[in-house]
Each structure stands twice: as structure tokens, then as C-alpha cells.
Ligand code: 4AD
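Next up: a single chain in C-alpha cells, the form predicted on its own.
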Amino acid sequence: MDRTTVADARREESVGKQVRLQGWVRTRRDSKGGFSFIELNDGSCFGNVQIVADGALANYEADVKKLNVGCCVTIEGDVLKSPAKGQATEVKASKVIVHGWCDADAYPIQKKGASFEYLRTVAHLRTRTNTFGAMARVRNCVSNSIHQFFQEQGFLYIHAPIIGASDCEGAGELFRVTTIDPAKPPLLEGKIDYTQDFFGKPTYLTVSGQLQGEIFACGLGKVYTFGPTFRAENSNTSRHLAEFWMIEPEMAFHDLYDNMTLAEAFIKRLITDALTKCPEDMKFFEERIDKECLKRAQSVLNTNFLRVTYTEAIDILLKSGKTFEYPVKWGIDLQSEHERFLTEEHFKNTVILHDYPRTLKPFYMRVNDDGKTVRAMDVLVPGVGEIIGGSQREERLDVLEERMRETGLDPTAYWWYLDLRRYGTVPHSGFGLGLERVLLFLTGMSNIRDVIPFPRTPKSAEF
């Protein structure tokens, strides 16, 4: 008999079928009538299926009555219509096979109400809890939607390298990749001689696949990357990870406004799919994590994103009468408190801020005619703040070289990037979306370490 998922067994159309279920016991309770009720979950859906195990089973006393949370079993039986409220079906067991016992007293996640902080210390088991099972399914749904959206839009999926020699963002927060023995490094004039390293030069884990995405967009039109990126920022806040997943589309012949339009359609598609394909999981997050998360998602889905310049936003903040922890003036990098005021209090809507001061943004963003601002954009959503950052890219060779020198970069190190402007330059745009930021928004979870399977943070790389 083929395996049936718990998700399938819980559907009314499965009534009358013989099934073979495999999963982990959530609870067992015994009836005075000589039978037991077992709640079984296999990760295929949020809910459990109820198993009715009769005392006449050959191993009822030896096995069934000893089952407890965490035990791994195979159940064979018939799907029946359930007389109980809240469940369409139940399974009457004809066979119970125990694959793995679990000591309930020693089981690290047996207790209800375990904190998320504690569950991070047992990340190898936390997927068996309601919260992290739901998170895994929503994350899977969003990841699948990302690919579907871009494939339907005619984008090519490309794989940007994990190891590179350039710092796309220019922030210097890079993890070095090297085979040099730190105890005996080769030296040249008192400094490490990286010509003797594996790649013959200093190399790092990538902070972004954007520059490589631009290479493909400048020959193939529309592309996207979706993979891990790394930041060696020594931060222990609830919004930072050392390793996270980024989606980065790059589009030839797209200006900043095309970029905004695509970003809005993209976010709305991810929200739509999460709400329609993971209704049980999303309902759980509303009931147990954040009572406003579904309302917030629907609001973003049902309204047009506002387009506001950085300068207009600064004026609004200055005239708000609010006292911010970080004082407001033109030229500052907006903080979370500023972004959330704009989205949650002033506009009560999703906002796309654009045309930022050139001093705040990386070298690759197109300079506006005023010489003071660049064609940058940030999508700000209520509850989270920035969720997308992007720009129209600088396609003019002379301006790009000037911007590189202005930000302390050596243009000769980016000769291949400049070649894209030398040989058939093209107006183009792109943006980056952090997968974990989307999940924070959708689920209402407060710490980014709880929306990624294995969080990598300072002093933490256990699993």
C-alpha cells in the first residue's frame, strides 16, 4: 500500500479509503471503552489526523498504550467520517507499527509554551512544533511562488556565484574565503600574499548576486537570482542574519518606474499565494503570533502602493510634530522608526520611496539630472518597514567611473562591469528582496531567526 499524507487523510473525499500513514505522535489518550485516540502529524499540513486504535489490536498493550509525544509510527487503517466537531475524518487503525520510541520525560520540546529563544537551541527538533511546521510550509510556498512569478513573466533563472572578489554594496562586511593557513600565512613585505591563495586574490562570500545578474540581463533581457547571501555584520538584533536568502531580478530596458511596477506585482503575488495555499498555517499565525498579520497582508494586497520621493518623505517627517530617536534632516539614512511612521501612521499604506541622496546609496545607482539624488527605490510595508531595495542602474560609463572613485572603489577592479557599458550599454533596473523579511511580514514573527531553518548569527552556527 502506498503512503498517504495526513493532509490527504483529513479530506472528506478520503472517507472509505484504506490508507497507510507515517508520522509522529502528538498526543495519545485512552478511553475507558478499551481503545485509544492518537493524534498524528507528518508535516504535510498544520492539523493532525485522529487515529482510533482498538484494544483488540495485537500489539495494543505492548505498543499502542505506551505511545507518547515524539514517537514515530506507521498506521494502516480505514478513513471514516468523524462524529467529532472540528475534524472531517478519522482513521480506524488495523495495524500500528512503532519505528522509534521517544522518552516523553527527556523530550526537549514536550512542554507547551517553550520560548522561541529556547527552541533555537534545539533547532533540530523545532520543526515538530506547530509554529515551525507552519513556518516551513509558508516558506516553501513563498519560495515556489517566487519561481512561478518570474517564470510566468518570461525571466530566466540564473545561478550567481557564492564566492566573489568584489563587494557589491561597498560596506566591507564580508566573510573571507581562503585556503591560507592562518598559522603560517605567506608574506610579502610584511603583508599576507594572496597571490598564493587558492584564487590568487582575496575572495569573499557574496553579499549579492546583483552584479552577475546585470551581466546576464545585458545579454538576455530579464533574469533573476535566488540564493544565499552573507554579511559579516556583528549584529545581534532581531532583524539581522549573517546568512539569508535573496531574490534579485535584473531587467534590460526597464526604468525606475517599471521597476516599481514589477516590485508591487511581485509582492502581491507572494501574499496571494500564501493566503490561498497555506490558509491553516496563516490562520495559526493570526491566532497565536500576531492578530493583525492577516489584516495587514490583505491591506497591502488590496491597495495601490504609493510612490513618494525621499525629499517629500523628509518634509512629512519634519512636519509630523513627532520626536524621533534619530533626528530627521535631508541627507539622513531613514531608520525603522521613520519608515514605520510613514507606512503605519501617516499614509497607512505601503509606500515606495524613491530618488534618495547619492551619498546614501551604492555606486551602481543611476544619478539623476539634479546631481544630488539617484534613481533608488525602497518598498516599505506596514509592520516591517523596508522589504525591497532597488534602483535603475547607472548605464553611462563616465558617470559610473566617477561614482566608483567617489565611493572609494578602484574602477580597474570592476573592468568587466564597466565593459557592459562600453559594449552596447543598455538602460536597466533591478531590485533585491530578502526572503526572510517577507516571512516576517506575512507571519508576524518578531525575530528573523525564527523564519529561517538554521539561523547564522554572531557566535552561533550550531546546526
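Don't overthink the numbering: it's just position in the shown sequence, from 1. Note that the structure is predicted; figures quoted are calculated from it, not measured.
Keep in mind that the form predicted in complex with the ligand is missing from the display, and what follows is about it.
For the chain shown alone, Tyr364 is a contact residue for the ligand in the predicted complex, at least one non-hydrogen atom being within 4.5 angstroms. Contact annotation: Gly432 falls within 4.5 Å of the ligand in the predicted complex, judged by heavy atom distances. Taking the partner from the other structure, the ligand in the predicted complex has a heavy atom within 4.5 Å of a heavy atom of Ile448.
Looking at Arg421, you'd find every heavy atom of it more than 4.5 angstroms from the ligand in the predicted complex.
Residues placing heavy atoms within 4.5 Å of the ligand in the predicted complex fall in a single listed stretch, namely 237 to 245, out of 102 to 110, 278 to 286, 237 to 245, 153 to 161. With the partner removed from view, the residue among Asp355, Asp290, Glu233, Glu76 that has a non-hydrogen atom within 4.5 Å of the ligand in the predicted complex turns out to be Glu233. Think of it this way: in the predicted complex, the ligand has a heavy atom of just one of Gly221, Gly389, Gly227, Gly133 within 4.5 Å, and the residue is Gly389.
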